[in-house]
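Included below are structure tokens for two forms of one protein chain, each presented in isolation as structure 1 and structure 2.
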Structure 1
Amino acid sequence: MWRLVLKNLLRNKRRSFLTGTSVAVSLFLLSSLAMVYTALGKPLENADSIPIMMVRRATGIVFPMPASYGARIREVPGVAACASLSWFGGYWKDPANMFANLAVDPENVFKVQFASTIPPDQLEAFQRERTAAVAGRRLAEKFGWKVGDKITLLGSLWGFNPELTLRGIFSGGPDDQLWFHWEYLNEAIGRMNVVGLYWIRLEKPEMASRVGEAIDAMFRNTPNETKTESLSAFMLNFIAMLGNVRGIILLIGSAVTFAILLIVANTMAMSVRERISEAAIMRSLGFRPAHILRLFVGESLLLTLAGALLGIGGAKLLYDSLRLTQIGQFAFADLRLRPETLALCFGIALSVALLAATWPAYRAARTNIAVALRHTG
């Protein structure tokens, strides 16, 4: 039976090729959209097991907090370490060279970011010098930085261009970032004594809820109320600032899916209509309506799944070879076609194949044989 399905599929090679290619291109696009959609919904896959939380202003992450909060947060039971950070938002040499550059508390930042490791002498050099900076290995390799290099950050909204000396390169953790002294920033902006956020490291991951409530309770009814949240929740809030990007992606994805459905349905409708009399001949030979149904649906499945293999498989190969997880930042740090995304795309392809073929195939299978034999196609 599958031999017959294949032979029928190759009956009109140009049409099958064009349909298969259209399906492949559409599914490539759909799987790309699904990849971004998934990354935006779950930026860090294992976020809940990371014992790091973020403290921000309750009113939003763009509002700063007093630098004095750090000392009080360190006193909360369950907090192992706390470091302030302020988003600087500069670029290196060219606006195209955007990356995460943060003014941090050099004494505590490596205590919180325990997954980041740096040689002790480099750490000491970083902590000692007010204009020192450290960069993640991925970032340093991207720009070809070496320890001792002078790096000037430009274009920040803070209105000054810090001239930094790279004193260390750390590995692991958020290694696509550059950190420099908060004191340097604070001095340059007239000692406003504010920070953007606090990173806190918990003694145990399961303490998250209790510690978060304790910190927020401590600052309740003050001018600068806080919101303490997990890394993934923080990232989702950050992404939310971009607007309903996921909604837009979902809308485009739905349109793409509908387009695939139309392409396959059109091909199957033409294919079935041309072969109504053949279906009748087969039925006169003893083939049951269910056989005819399976024959046409099988064709649709084979055509769509071939396109899916090409489109989704191609996307997987392409994105894996581009090593997006190595170049993606922040919300896109884990940008890859996850197994569940692949399964979803193949599921959509399967559903489209069934939906597109079932109705015309059912009609062909149920048409009166004597009437269909008079059909000329």
Structure 2
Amino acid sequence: MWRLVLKNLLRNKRRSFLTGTSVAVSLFLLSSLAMVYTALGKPLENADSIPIMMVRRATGIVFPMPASYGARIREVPGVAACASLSWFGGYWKDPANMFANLAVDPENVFKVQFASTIPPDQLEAFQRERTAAVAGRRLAEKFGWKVGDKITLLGSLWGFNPELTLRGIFSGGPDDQLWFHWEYLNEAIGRMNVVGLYWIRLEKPEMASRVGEAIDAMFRNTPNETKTESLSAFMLNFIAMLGNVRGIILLIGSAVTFAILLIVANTMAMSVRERISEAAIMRSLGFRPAHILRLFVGESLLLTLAGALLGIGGAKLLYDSLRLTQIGQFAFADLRLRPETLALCFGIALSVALLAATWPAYRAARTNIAVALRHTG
């Protein structure tokens, strides 16, 4: 049966090629939209297993907290490490070179970001020098930075341009970021002794709820109440600034799905209409209506799934190689085609193939043989 399906598809090679290509391009676009939609709702894959939480001001992420909070947070049972950080928001040389650059606590940042590894000598140099910085390997490769390079950050709302020396390159974790000394920033802004956020690492991921409640209770009824949340929930706060982007993506994705359905349905309708008399001859030779139905539906499945493999598979290879992490200027997420997104896209392709072919194939299989033999497509 499948050999016959393949031969029928190749009878009109141009039509099959154009339809398959259209399906592949459409599913590539649909996969891209689905990837962003998933990332906007769940920025990090396997986020519940990451033992890192963020402590921010309860009134909003743009409001700072006293630097003295760090020592008190470290005393909370279940907190394995705590590091302060402040978003700097500068760029390198050109506004197009925007990336995450943070003023951090150099003594504790790698204790919290345990997935990030750096040579011991580079870590020591970073901690010892006030104007030192470290960059993630992905960021360093993007801009061609090497250890010892001078990096000046421009355009920050803090009002000064730190002149940094790259003393280390780390791998793993948030390796698209640059970190420099919080104390350097604090001196430049007149020793205000405030930080934007606290990174904390938990002893165990399952302690998140208890630790978060304990930290927030510690600072309740103070001028600077806190909100402790998971890393994924924290990123969702930034994504929320973009507005209802998920709704827009859902509408566009629905339109793309409908377009794929029209493309495949039109092709299958033309193919079936041209071969109604052939189907009648096959039935007169002993083929049952179910055989005719499976033949036409099989053609639709083979054509659509071939386009799906090209479109969805191409999207998977492309986005995995690009390793994109930024949606907006301040919105970060893991932009890859995750297993659930792949399953959704292939499920849509399968549904489209069945919907597009079932009705015309059913009509061809059930048409009276004498009527079908007189049909001219």
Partner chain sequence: MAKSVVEIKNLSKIFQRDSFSVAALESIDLDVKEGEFLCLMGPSGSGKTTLLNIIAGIDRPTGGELHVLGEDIATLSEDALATWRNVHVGFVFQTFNLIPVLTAYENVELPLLLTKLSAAERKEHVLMALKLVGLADRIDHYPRQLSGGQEQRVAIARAIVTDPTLVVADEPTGDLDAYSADEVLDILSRLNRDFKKTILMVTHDPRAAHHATVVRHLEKGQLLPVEN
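Reference numbering: structure 1, starting with residue 1. For the two forms, the rigid core is made up of the largest set of C-alpha atoms that agree within 1.5 Å on superposition. What you see is a predicted model, and the numbers here were worked out from it, not measured in a lab.
- Between the two isolated copies of the chain, the form predicted together with the partner chain corresponds to structure 1.
- With the core held fixed between structures 1 and 2, Ser156 has its Cα displaced by under 2 Å.
- In this overlay on the rigid core, Thr222 has a C-alpha that sits less than 2 Å away from its partner position between structures 1 and 2.
- Remark: with the core as the superposition reference, the CA shift of Gly286 between structures 1 and 2 reaches 2 Å or more.
- Once the core of the two forms is superposed, the Cα of Leu250 has moved 3.1 Å between structures 1 and 2.
- Its Cα shifted by 7.8 Å between structures 1 and 2, Leu262 is reported here after superposition on the rigid core.
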